[in-house]
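In the block that follows, a single chain appears as structure tokens, in the form predicted alone.
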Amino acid sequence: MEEILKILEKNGRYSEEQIAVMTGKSVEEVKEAIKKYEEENVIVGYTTLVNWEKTKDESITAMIEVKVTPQRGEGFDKVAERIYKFSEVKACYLMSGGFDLTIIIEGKTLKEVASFVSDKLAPLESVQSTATHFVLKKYKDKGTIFEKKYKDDREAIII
């Protein structure tokens, strides 16, 4: 049944009927599997991937490396929870390597992102340091290529 999850992850707009045909299952089996996945929090939401560069909406995305002091008995989870509850935070990941958390935030301006880091994130008791990186251009996100290159398939004829 995880085949259904893979299909939905690639395109959440497929109907239950289409998924049934793709998997060889009955429509009822697909409906039951999706309902079960939703109840068990395996499917946690449905989103649309938007190329904001093609719209008039101005925004900036930042990836912030955060070094934190884990809390006794709670580890990184309590610190991460406090951070991911900020409305600006779009994603929060526990990382291996030179820092502990990666935070992805979106704002309207550079100043807005800087204010979030200096006024909300950095002052948190457990935060030791931050390093902010700004996304300049998205080429591919969640497996989807944003700019499809036109390929000229015509043959060259030399006279």
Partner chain sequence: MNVEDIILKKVKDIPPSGIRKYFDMINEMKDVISLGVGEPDFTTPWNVSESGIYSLEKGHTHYSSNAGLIQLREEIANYQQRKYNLQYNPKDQILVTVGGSEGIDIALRALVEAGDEVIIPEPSFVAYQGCTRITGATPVSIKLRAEDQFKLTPDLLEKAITPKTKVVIIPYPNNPTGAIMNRDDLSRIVEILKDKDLIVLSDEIYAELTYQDNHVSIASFPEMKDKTLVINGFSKAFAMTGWRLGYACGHPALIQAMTKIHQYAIMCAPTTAQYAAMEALKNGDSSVREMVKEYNHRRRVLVDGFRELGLDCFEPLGAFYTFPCIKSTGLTSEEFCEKLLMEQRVLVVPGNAFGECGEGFVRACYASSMEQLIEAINRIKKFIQR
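Predicted model only: the values in this text are computed from it and were never measured. Numbering follows the first chain given and starts at 1.
Just so you know, the form predicted together with the partner chain exists too; it's not on screen, but the next bit is about it.
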Leu5 within 4.5 Å of the partner chain in the predicted complex, heavy atoms:
no
Any chance Met22 has a heavy atom within 4.5 Å of the partner chain in the predicted complex?
yes
Using a 4.5 angstroms cut-off on non-hydrogen atoms, would Lys138 count as touching the partner chain in the predicted complex?
no
Decide whether Thr144 counts as a contact residue for the partner chain in the predicted complex under a heavy atom distance cut-off of 4.5 Å.
no
Of these, 43-51, 22-30, 117-125, 97-105, which stretch puts a heavy atom within 4.5 angstroms of the partner chain in the predicted complex?
22-30
